[in-house]
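A single chain comes next, written as structure tokens; it is the form predicted on its own.
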């Protein structure tokens, strides 16, 4: 059995839903994971925000607009098939009624907001199930809220997921196809929760691990991982294969095609992940994890935006060992995640996401240890590939040559065998990415 995950653009219209249905119904007895239709989650975020601000009329208008969108989709998808069209309309109505129940709520909680956000995936899977059944496919809709569970630290519970999901599959042993929601889950308190944006990838690999899948397929609107982001870089090409480590580095450092957390379940269960294109199903895509052995080449470049660089220089009154300990203790106390760092005798440079809520508290603590300099508007650019090969020195030279015209603020080289990362100003991002793609891959 395989797990086939389809993102929001892959099910973004009635025609796209039909295309996905044709694809999955000819692939055998697999588990299909769906995201919400493109644009739906953003609309639900807006509606939840309006409810929270008690702008009920605006929330109602936004919900009516979304309702009209889905009325068109249902009519296009199921036409005059009264039975399945009625079932689809009822499912959509049920989700919208759930949302309307929060209008005028005196105390709108985070749980309420997450319940609203979950409706996108509940609707998309309901529509797909109705359409597949209208085409004679015996599909079992397995609610993700019945098997996808996270603990009090929002970490998935693989044992529970495996037992519950396999139990649901066994209970529907006559089904030709299984269908479930990505993104949504329950937390340790039994409340509706989610795996954060892009979490459908995470759902897919967790499910693949749970059922010991032959492969997890991530279907998007691009034919696999590219050497660079085609939105910003000219002349990119598809990457045939990646190790788990290479894919994890690319996802963490900004490759939008993958959720940063989705690799570890696949790696732990040794389940390959393949990135495929719904607009070109015949394309081979990119396969991740068929081999753990690096092949001596560079694979791709990724960029992570909205980075702040913090440099702390000690006053030499604190011994280096104590100074470094206090810096990293401050990071722990403020719950700050650092992307890359660099250390010299009495200074530490840190590059981290500037959206973390306790950065101001961190800066206040660091200022007690020495001089603090802050640069916002930075970007981390990471080149991913095999930096253990005999060509590694040449690769490093080529990277520095491609970046020679830019002010490189930090270089992180050697902490990982799979990447070399630098920090530059955001204004230099696009040119730097294009220079690297030209120098390294063309």
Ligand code: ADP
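Keep in mind that this is a model prediction, so the values were computed, not measured. Residue numbers count along the first chain shown, from 1.
Separately, the form predicted together with the named molecule exists; it is not shown, and the next lines address it.
Student: With the named molecule left out here, work out from 136 to 144, 331 to 339, 228 to 236, 70 to 78 which stretch has heavy atoms within 4.5 Å of it in the model of the complex.
Tutor: Heavy-atom contact with the partner occurs in 228 to 236.
Student: If you check in the model of the complex, is residue 224 within 4.5 Å of the named molecule, heavy atoms only?
Tutor: So residue 224 counts as contacting the named molecule.
Student: Does any part of residue 256 reach within 4.5 Å of the named molecule in the model of the complex? Heavy atoms only, please.
Tutor: Because a heavy atom of residue 256 falls inside 4.5 Å of the named molecule in the model of the complex, the answer is yes.
Student: Please tell me whether any heavy atom belonging to residue 9 falls inside 4.5 Å of a heavy atom of the named molecule, as the geometry stands in the model of the complex.
Tutor: Answer yes; at least one heavy atom of residue 9 falls within 4.5 Å of the named molecule in the model of the complex.
Student: Tell me, yes or no, whether residue 178 is in contact with the named molecule in the model of the complex, where a contact means a heavy atom of each within 4.5 Å.
Tutor: Close contact is absent here: in the model of the complex, residue 178 is far from the named molecule, nothing within 4.5 Å, heavy atoms only.
Student: Identify which of 125, 220, 119, 243 has a heavy atom within 4.5 Å of the named molecule in the model of the complex; exactly one of them does.
Tutor: In short, 220.
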